[in-house]
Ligand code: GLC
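Consider the single chain below, provided in structure tokens and representing the form predicted alone.
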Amino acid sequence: MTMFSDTHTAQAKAILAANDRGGYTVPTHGLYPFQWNWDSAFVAMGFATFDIDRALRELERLAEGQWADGMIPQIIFHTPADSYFPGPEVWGTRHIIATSGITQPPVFASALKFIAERADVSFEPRIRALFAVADRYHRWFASARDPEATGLVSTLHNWETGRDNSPEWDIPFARVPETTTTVIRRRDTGHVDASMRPTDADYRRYIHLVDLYRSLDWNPAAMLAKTPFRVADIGTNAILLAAEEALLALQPRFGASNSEADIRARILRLSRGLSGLWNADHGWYLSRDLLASAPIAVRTSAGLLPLLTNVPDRAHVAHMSGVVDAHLDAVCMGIASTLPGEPGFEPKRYWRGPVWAIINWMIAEGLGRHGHPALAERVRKSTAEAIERRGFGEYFDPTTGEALGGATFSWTAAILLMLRDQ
């Protein structure tokens, strides 16, 4: 079992306290001054290891930004800040609380289950209310992003995947024009070296999509019809299915009596879709370009996230675990976001190669679920050792272990606390 010193545990808690902005947590000071969707879900799990009240408050603040149709946005702009672009004026979503107009991988329900497993009965009313939030969010994915019931939800912006500049998106993203109506004023490279961030060309395409969707008033059907970027992201689909399974586990205690059948139907549909993303030629789960009707032939760490679900069969699990075992022999820590040797691998540039503690944690959870506890522990140990040696970086170079990106990062601190809790 992975061990931690009291010093590192205290440092992790201090980072969460320093990044607290009144019931919600920013990812890190300056670089990301607002509340991010999946960041907060991981942060809530970190808080749950020592403060259930604060953990629930994190999700409650996130739920404040939920749209009437059920979507929980990528960013909630609770208070003004000028250190991030694009801010609320660029998104133009016109909600009571300013938000972005897109979502992120839905970790919310999985975080709620993590918290509920550690909470006493006094917290049941709050958990029940958050269950309803999660259920509405999942129903939004089904209706807004898979209206034809294919079993795969669509992602319409790189930012929605959470893996903004992954090489997976190079080909589908090339269809997106670089023209914008919004003047681009990047703030990120004032905080982090440009070599560790997406390129200027990437940003022009990111903002082109924001401009397009804003012109469509963020209407889901219009966005699906008009987008030049539509993918079935393996990460989003796997995380959503895992979240549906978490919701089903919570349903008897916290859900409405009529919610079970709907959740089971969504699970069945998503399971069929996710199964179809296994690619025998690559021996990996791959994202799919939905406009080109073709798999995206890049193996990424996200391709292991179906392990969070019941979908992978024994043969697929055995093959992937063998790749993970060999991969760990070749890198300094964890699982590279793009496997070395794959097209577009860059060890220091954001999601093109660096290791992310949150992905490592999910992969370890999946390996343990599918009968590989020793390998899961190896992933956990390498993650913990990198944090202890190099600090609470946003991400890490897989070839050197160097901490990269933003410093004193909230979800990295949360992962350390979650690993300690196991």
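No experiment lies behind these values; they were computed from the predicted model shown. For every residue, the number given is its place in the sequence shown, counted from 1.
One more form of this protein, predicted together with the named molecule, exists but is not displayed; see below.
- Although the partner is absent here, residue 351 is a contact residue: one of its heavy atoms lies within 4.5 angstroms of the named molecule in the predicted bound form.
- Under a 4.5 angstroms non-hydrogen atom cutoff, the named molecule in the predicted bound form has residue 27 among its neighbouring residues.
- None of the heavy atoms of residue 58 is located within 4.5 Å of the named molecule in the predicted bound form.
- Within 4.5 Å of some heavy atom of the named molecule in the predicted bound form lies at least one heavy atom of residue 104.
- Only one of 335-343, 321-329, 276-284, 158-166 places residue heavy atoms within 4.5 angstroms of the named molecule in the predicted bound form, namely 158-166.
- 32 is the sole member of 32, 361, 47, 392 with a non-hydrogen atom lying within 4.5 angstroms of the named molecule in the predicted bound form.
- Taking a 4.5 Å heavy atom cutoff to the named molecule in the predicted bound form, the contacting residues in 31-52 are 32, 36, 38, 39.
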